[in-house]
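The chain below stands alone and is given as structure tokens, in the form predicted on its own.
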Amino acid sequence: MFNVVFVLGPPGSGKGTICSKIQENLGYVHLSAGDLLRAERERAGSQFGALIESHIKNGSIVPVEITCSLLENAMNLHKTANGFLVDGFPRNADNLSGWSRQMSGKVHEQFVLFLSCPVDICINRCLNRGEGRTDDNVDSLKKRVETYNNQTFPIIEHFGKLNMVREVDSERPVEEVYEDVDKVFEAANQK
């Protein structure tokens, strides 16, 4: 069974940055649901490309079956990893139930790493990160934040009731955030 840590937080909370550091230092493979979807959208001959593009531009959520299949395929490419950082997923109740249906018995969900950060700082980070993402504009960001508040935050609350959420304040400098994240992983792997 694959070890999985869900990495959640508002757009721009530093999920990708922190996941890169975890991958580099702890042997977990970073799987960004958004990156996998963007890559699939660009892949020549993809039957889902136009559908994915439409959802990304509208700040809405891609059907769960597509995202789960992309995540599972990526995990199967790295069978010797210590675990997987599933970044930006599950984003809503449908994602969570679809994940449970498709991945039950295949994964061990260790915990949810919740990177908390004020939304105004997150939006500013997104607008200034210069990655050329089609969804890093004010209109898309407003929709993404609304989606996060209405659909993703309840997922974090759900896992909180199961005592599976490890919250780290990501408003601080990356080095400080990572120190706390490292402690979370150390504690989790001692169980």
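The numbering used is simple: start at 1 and walk along the sequence shown. What you are looking at is a predicted structure, and each value in this text was computed from that prediction instead of being measured.
In what follows, reference is made to the form predicted together with a small molecule, a form of this protein that is not presented.
Although the partner is absent here, residue 155 lies well away from the small molecule in the model of the complex, with no heavy atom inside 4.5 Å. Using a 4.5 angstroms threshold between heavy atoms, residue 31 stays clear of the small molecule in the model of the complex. The small molecule in the model of the complex is approached by residue 125, whose closest heavy atom lies within 4.5 angstroms of it.
Within 4.5 Å of any heavy atom of the small molecule in the model of the complex lies no heavy atom of residue 25.
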